[in-house]
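A single chain, nothing else alongside it, follows as structure tokens in the form predicted on its own.
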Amino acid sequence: MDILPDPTTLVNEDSADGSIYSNPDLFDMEMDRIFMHNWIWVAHRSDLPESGNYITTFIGQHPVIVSRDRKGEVHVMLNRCRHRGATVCEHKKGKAASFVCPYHGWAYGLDGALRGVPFQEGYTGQLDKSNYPLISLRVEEYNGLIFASFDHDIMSLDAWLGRTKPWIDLFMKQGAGWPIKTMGEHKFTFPGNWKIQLENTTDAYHFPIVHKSFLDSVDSETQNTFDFVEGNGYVEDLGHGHSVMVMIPDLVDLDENLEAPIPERFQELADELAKDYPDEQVRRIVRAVGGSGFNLNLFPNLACSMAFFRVLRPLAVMETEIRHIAIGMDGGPELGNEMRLRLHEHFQGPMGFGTPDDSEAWDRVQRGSLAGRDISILLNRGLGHEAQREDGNLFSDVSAETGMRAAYRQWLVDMTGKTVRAENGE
């Protein structure tokens, strides 16, 4: 009989055991207890603009289809034929009237209902199609973010997101008055555990060290903007493992401070926009192009990271897939969206200054953590001066590990089976 690891012995308030990055039994428990019993981000509303649109993605290690049916309702279904288990859709995205299994031709509607079975008379009345739809997951949406869960008894998405909702609303102001849309993605894998990346998006401490090459590549005004480790930013625990890391407080609400001077790197863009838009709208677009001044981390798989979505997917205990999804203004000026893409490529693109440096650091954390036994990973930075706001949120300085501690508190709740459910009022 296998003895499962005890999560309560692996994570403390200020540290974690190094084996949390490499224990295969613990990883299997995480895939079940975290990725099958929480809300997992699967798509943005703009990925499914019309009836018939779909994308394929994953929840943990499970392939799923996200579709919009003829009535406009969004469905998330396991990408698995009810007959012999084959996937019924292999395309990344598209528009379809149905999903047809390539093996024996079973056909499913956009809502997952089984519509057709070739040569059905061979079942001699023993197959009721209504009993064999694609398996549907629970689906809810907030401000364009679409989440799904295997757990139909989980609390509402509204309750799960809780104190993150005002921050999501702020992040979506990058549309400068237009809706946000996704504009393509860059996907890669790194040889490390998914929690290493989960920690990174709430880690400002590494920025001036790991990303010195990026800072050397920009003008002095931009360098000053990103010189935030000793600034007045902060990290705040938003509950349920979520957190926000405010690096540039002046860029929290993009609709404010419109009278501020336009940064030199955006002046040429502003001059071009001024040919078609009034001054206030130009300033609003320019601020939106630069992105927000914070990373919002939504446990366990999505970060609304300054100006893009970062999505993680665990592939194996020591292998993780990362997607960097560029976002822009849906209906906004093409010049603005083009500059957003160039800025995205400069830091997050495959030839950019940020992603390769981060990936090297994550790889070395994984390899180094395999050395020795019973050596802790420290999570205590900023703990000594961590304080509590009136609403109960814990917060500390921007370089603190408050966001990591928030994520590991939820990790422990999920892993010990103490997930709070709707019926007890949370």
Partner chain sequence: MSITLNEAIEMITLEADMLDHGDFREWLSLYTPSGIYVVPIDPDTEEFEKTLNYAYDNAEMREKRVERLLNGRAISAAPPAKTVRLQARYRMLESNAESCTLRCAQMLTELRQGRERYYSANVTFRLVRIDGALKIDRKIVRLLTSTEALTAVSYIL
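Quick caveat: nothing in here was measured; it's all calculated off a predicted structure. Numbering follows the first chain given and starts at 1.
Omitted from view is the form predicted in complex with its partner chain, to which the following refers.
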item	value
Within 4.5 Å of its partner chain in the model of the complex, all of Gly175, Thr225 and Ala307 (non-hydrogen atom)	no
Candidate stretches 186 to 194, 239 to 247, 103 to 111, 273 to 281 - the one whose heavy atoms come within 4.5 Å of its partner chain in the model of the complex	186 to 194
Among the candidates Asp153, Glu90, Glu141, Glu338, the residue which, in the model of the complex, approaches its partner chain to within 4.5 Å (heavy atoms)	Glu338
The unique member of Glu259, Glu334, Glu121, Asp128 whose heavy atoms fall within 4.5 Å of its partner chain in the model of the complex	Glu334
Partner proximity in the model of the complex: Arg364 to its partner chain, non-hydrogen atom cutoff 4.5 Å	yes
Contact label in the model of the complex: His344 to its partner chain, heavy atom within 4.5 Å	yes
Gly116: touches its partner chain in the model of the complex, heavy atom cutoff 4.5 angstroms	no
Distance check, Phe353 to its partner chain in the model of the complex, heavy atom within 4.5 Å	yes
Sequence-ordered residues of 303 to 323 touching its partner chain in the model of the complex, heavy atom within 4.5 Å	Glu321
